[in-house]
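To begin, one chain is listed below as structure tokens, in the form predicted alone.
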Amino acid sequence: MNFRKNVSTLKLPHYKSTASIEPVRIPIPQEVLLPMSPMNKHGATNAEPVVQAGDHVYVGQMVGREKDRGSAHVHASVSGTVKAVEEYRMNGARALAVRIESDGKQEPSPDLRIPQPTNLDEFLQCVRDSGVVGLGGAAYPVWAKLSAAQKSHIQTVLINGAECEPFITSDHRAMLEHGDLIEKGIELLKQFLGSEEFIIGIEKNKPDAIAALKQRFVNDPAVKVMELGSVYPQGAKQVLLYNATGKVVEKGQRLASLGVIIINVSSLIKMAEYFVTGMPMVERIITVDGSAVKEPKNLIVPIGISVKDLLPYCGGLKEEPGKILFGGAMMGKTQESLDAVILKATNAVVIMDRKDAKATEPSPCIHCGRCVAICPLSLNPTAFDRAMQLEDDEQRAALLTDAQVKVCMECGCCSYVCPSHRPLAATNSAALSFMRSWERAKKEGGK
């Protein structure tokens, strides 16, 4: 990879119309549906339901148990009765889900306790019990990320407050509302990971958050609040690492080998909240915005609420939606309907009207090289496109491997700058999905 002085140069319109809007907690919905997957992504590992229809559950009670490092515990976000354990479809992927009818009482589980760890192993188990995952979109369990400290000394913790995607302001608001929990989270990581340096990276389009956190940590030399350029994708692992520390993580290399871990700021807040209250992750701040939304807002919502049930608190829709996204306009995942439910990794719901959602017809590639020039990792998306046109799986896999498709972070920069409006990001995603399937088939065939 050939890194430049600044690993990204793409300037995007911010559309951060909700940046000054404090999050509002909405009333408890009549029901929630809790998928056993923390995000709607192919290849995610699902938890296993531990309740059945007819069971009474309390807020914070475990309803899904993790299976491995790729999954996380799922907890009831409302108190009430389990109506069904059913299949839920998430953009082609399927997962079991627990449907709970609320009793309106929001009674917390009597088994909840404020954690009191005394060593690293106990601390990691507590984080595991919290069910907190990466809330910037990846949804990787936080305890699994922090467990790198069991093998490597983590000198630097890079806290990702960049929030570079258009529309989304949920992390921004979390930094303004919960500076105390950021401080608590850093104290915990100092105590149990033994880290000496904490860098909070925030794009300069959030001056109020930068000022507030600088003031909070003015007397703590271990914490640096770093103002970063407002470029996309500033929040991506490789980009943030380089721009904040000057370090480069190579293909296949773990961040921990550099003595660094990166944690999303909302993930840090939710982790700290568990150690203060004993309540696992059952709710989160989300941004609701887009050209079809009447009153864009930041809301505090229970995990598992449907989009249609939260829209009344944003004034409803101006017109029929043309596109529904979980996440921002660049990397957000399209949803099939307003019945889609908020997952742990859902940081925003962006609903476009039909005009804004209308795709431009692609034309043949003009070989301008803009997609290669803008790629933060110096990849060649046109090579992925050529490979995906091959019918022979072995040849396709060989070409994709040579072109380093697995390094692609699916940021969408290539599609954004393409003058021919080619769906390069979608092709990259399909190529990554193909490689996962191909490698799985090879592994199973070799057994």
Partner chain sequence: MDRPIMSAGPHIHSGASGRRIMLDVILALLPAAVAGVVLFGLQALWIMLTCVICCVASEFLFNLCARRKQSVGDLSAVVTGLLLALNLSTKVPLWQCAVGSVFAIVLVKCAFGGMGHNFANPAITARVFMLMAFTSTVAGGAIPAAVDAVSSATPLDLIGVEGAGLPTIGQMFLGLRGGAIGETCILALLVGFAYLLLRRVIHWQTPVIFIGTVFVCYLIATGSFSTALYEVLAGGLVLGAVFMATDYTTTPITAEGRMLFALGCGLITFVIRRFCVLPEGVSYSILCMNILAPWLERWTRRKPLGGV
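What you see is a predicted model, and the numbers here were worked out from it, not measured in a lab. Positions refer to the first chain, counted from 1.
The protein also exists as the form predicted in complex with its partner chain; that form is not presented, and the subsequent description refers to it.
Practice task
Tell me, please, which stretch of 322-330, 193-201, 131-139, 178-186 lies within 4.5 angstroms of its partner chain in the model of the complex when heavy atoms are compared?
Solution key: Going through the listed ranges, the match is 322-330.
Exercise for the section: Can you work out whether its partner chain is within 4.5 angstroms of a heavy atom in all three of 336, 372 and 417 in the model of the complex? Expected result: Yes, the whole candidate spot contacts its partner chain.
Practice task
Find the only residue in 80, 280, 376, 302 having a heavy atom within 4.5 Å of its partner chain in the model of the complex.
Solution key: Looking at 80, 280, 376, 302 one by one, just 376 meets the 4.5 Å heavy-atom criterion.
Problem - Heavy atom within 4.5 Å of its partner chain in the model of the complex - the one residue of 255, 352, 85, 112 that qualifies - result: It is 352.
Exercise for the section: Considering only heavy atoms, tell me if residue 407 and its partner chain come within 4.5 Å of each other in the model of the complex. Expected result: Yes, contact at 4.5 Å.
Exercise for the section: May I ask you to state whether residue 151 is within 4.5 Å of its partner chain in the model of the complex, using heavy atom distances? Expected result: The answer is no: residue 151 has no heavy atom within 4.5 Å of its partner chain.
Exercise for the section: Report yes if any heavy atom of residue 250 sits within 4.5 Å of a heavy atom of its partner chain in the model of the complex; otherwise report no. Expected result: Contact with its partner chain, yes.
Handout entry: Partner contact for residue 222 in the model of the complex: its partner chain, 4.5 angstroms, heavy atom
Key = Answer no; every heavy atom of residue 222 is more than 4.5 Å from its partner chain in the model of the complex.
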